[in-house]
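The form predicted alone is given below as one chain in structure tokens.
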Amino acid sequence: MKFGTMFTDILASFFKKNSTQLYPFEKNPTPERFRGNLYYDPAKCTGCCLCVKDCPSKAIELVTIDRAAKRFVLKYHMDRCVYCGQCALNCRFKCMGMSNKDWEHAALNKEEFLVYYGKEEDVREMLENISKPPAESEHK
């Protein structure tokens, strides 16, 4: 490339409008049917586990605390999710869906991509049970 051609291209670019947008400061509205982050309503859930069975990437786990009292905790791995929407589509009771507002996910730690959905006391109880060491048997 000759210097004169390159110089004219550089000079012309000073007077052109930007072809990109300044992303964090200028955002386009997300489409209505965009599939972003998963949301879950534990009050509507019956524990049928159709969402877990239909998830192709195994991003959803439903932990049953008390089936009779309808106490469930949904363990959602955002880093595994492919945002296909199968879980929301196959949920008979419409207790989950994909948000078109919450889609910006960037983190330095992988732990931030593990989300627990449910009532606070149920999530706390589940996490306490996981952290307890298993009972040692008395057989020796």
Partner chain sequence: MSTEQKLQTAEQLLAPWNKETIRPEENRLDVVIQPEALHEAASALHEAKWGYLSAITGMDMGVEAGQLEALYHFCNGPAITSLRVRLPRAGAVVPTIADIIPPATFFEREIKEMFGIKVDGLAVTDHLFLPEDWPPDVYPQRVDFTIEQAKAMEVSHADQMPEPGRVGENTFVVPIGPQHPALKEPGHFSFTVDGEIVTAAKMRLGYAHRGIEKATESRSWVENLYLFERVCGICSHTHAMAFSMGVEQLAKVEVPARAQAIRELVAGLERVHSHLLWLGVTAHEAGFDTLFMYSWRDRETVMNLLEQITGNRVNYSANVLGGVKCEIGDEQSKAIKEGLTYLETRIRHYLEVVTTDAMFLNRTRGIGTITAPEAERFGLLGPTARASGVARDVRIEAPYGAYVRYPVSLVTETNGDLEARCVVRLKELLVSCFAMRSILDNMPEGPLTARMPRKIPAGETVARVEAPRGELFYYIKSNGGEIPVRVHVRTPSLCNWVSVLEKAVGRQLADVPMLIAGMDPCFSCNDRVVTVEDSRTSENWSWKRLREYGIEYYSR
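Keep in mind it's a predicted model, so treat the numbers as computed, not measured. Positions refer to the first chain, counted from 1. Throughout, rigid core stands for the largest set of C-alpha atoms superposing within 1.5 Å between the two forms.
Just so you know, the form predicted in complex with the partner chain exists too; it's not on screen, but the next bit is about it.
Proximity to the partner chain in the model of the complex, taken as heavy atoms within 4.5 Å, picks out 77-85 from the listed stretches 37-45, 64-72, 77-85, 104-112.
In the model of the complex, residue 58 approaches the partner chain with a heavy atom inside 4.5 Å. The shortest heavy atom separation between residue 21 and the partner chain in the model of the complex exceeds 4.5 Å.
At the 4.5 Å threshold, heavy atoms of residue 127 stay clear of the partner chain in the model of the complex, well away from it.
In the model of the complex, at least one heavy atom of residue 33 sits within 4.5 Å of a heavy atom of the partner chain.
For the partner-free chain shown, 2, 3, 4, 5, 6, 9, 10, 13, 16, 31, 33, 34, 35 of 2-40 come within 4.5 angstroms of the partner chain in the model of the complex, judged by any non-hydrogen atom.
The two forms, fitted on the rigid core, differ between the shown form and the other one by less than 2 Å at the CA of residue 120.
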